[in-house]
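Have a look below at one chain only, the form predicted alone, in structure tokens format.
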């Protein structure tokens, strides 16, 4: 087996179970490992640190996966890790109200570069590391044995794969091709999701708990759902008796899917309005028209993909939330989210305080939101905590 030796004093994070070894921490490489090979990592003194998969094209040169020297990552190791991740979610899988969740969450489940989501009878797979690409047949077989899905479909992010020197990979891996609109259930609400062509892997199951929590404030209210996608927050608000829901998204496919989901659940379409538009521009238009709402949900895409972009992202979050707050009167509620790992909760609160000041509003933070338990945060990998949200009340 090839060996990676770390530079002096560059082993602390690895010994503390952090899964990333950056290329700048490497002193030398013994042998000539190919990208995707399992290597053993030693510190400067020659002590064993961990096993991981190597890639010389990535800034993260080694993704660590096993810290016990006698547990070489072979086929059985991979199968046991997949079993462990799925078993940790068994109680969620047994729920009659939800058949959609994340089965494997990359580093959080000690499987960097691998994401698996269950959407009803289908599994959507994302493979973003060359070491995982090597064992993809094992992963597919084990998921089939454990869950017996109708099909497994790959929706890997081409940019993430490009950083590892991997070509794009999207398409059917096993079984039946998912239908254009696959039926799923979340919190007792029915959805039809487009696994093959929808955003990311087909559906954002990381907001499952937050949709339910936010909807409890919707009864009798006029609700605005910005960046609504296929309508998770909109549908939960309608289910809880919202007087009116206005859903805004720039994607025609998302709004088409949302309208199908409203019909699927038997909700009164007269209580819902869908608007295809840029959310920031639409918020401005609402303000100019004198529109007001009782509850506004803002769940934008990732504004800060890295820490270096945090300043620009903070300004974007501030402007977005300022426009939202201007559409709320006293007692109105804003549920606002960030899926940027670089934006921590303290910074997000500060951004909201600035937004409120610019909007001429005084706000209270009455609830904090985070990602659900099928998106766990590993103690040694704080970078996995990406989703945060705040429920703000205008006073």
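Note that the coordinates shown come from a computational prediction; the quantities given were computed from them, not determined experimentally. Numbering follows the first chain given and starts at 1.
The following text describes the form predicted in complex with ligand SAH, which does not appear among the structures shown.
Colleague: Only one of 229, 105, 122, 293 gets a heavy atom within 4.5 Å of ligand SAH in the predicted complex. Which one?
Modeller: That would be 229.
Colleague: Let me know the one among 128, 118, 211, 323 whose heavy atoms come within 4.5 Å of ligand SAH in the predicted complex, would you?
Modeller: The residue in contact is 211.
Colleague: Taking 4.5 angstroms as the heavy atom distance cut-off, pick the stretch from 294-302, 72-80, 142-150, 92-100 that is near ligand SAH in the predicted complex.
Modeller: After filtering at 4.5 Å, what remains is 294-302.
Colleague: With a cut-off of 4.5 Å between heavy atoms, is residue 204 one of the residues that contacts ligand SAH in the predicted complex?
Modeller: Residue 204 belongs to the contact set for ligand SAH.
Colleague: Check residue 309 for me: does it contact ligand SAH in the predicted complex (non-hydrogen atoms, 4.5 angstroms)?
Modeller: Judged by the heavy-atom cut-off of 4.5 Å, residue 309 is well away from ligand SAH in the predicted complex.
Colleague: Can you check whether residue 250 is within 4.5 Å of ligand SAH in the predicted complex, heavy atom basis?
Modeller: Residue 250: yes, in contact with ligand SAH in the predicted complex.
Colleague: Should residue 184 be counted as a contact of ligand SAH in the predicted complex, where contact means heavy atoms within 4.5 Å?
Modeller: It does not: once ligand SAH is placed as it appears in the predicted complex, residue 184 has no heavy atom within 4.5 Å of it.
Colleague: Considering only 261-286, what residues come within 4.5 Å of ligand SAH in the predicted complex, judged by heavy atoms?
Modeller: Those in contact are 277, 278, 279.
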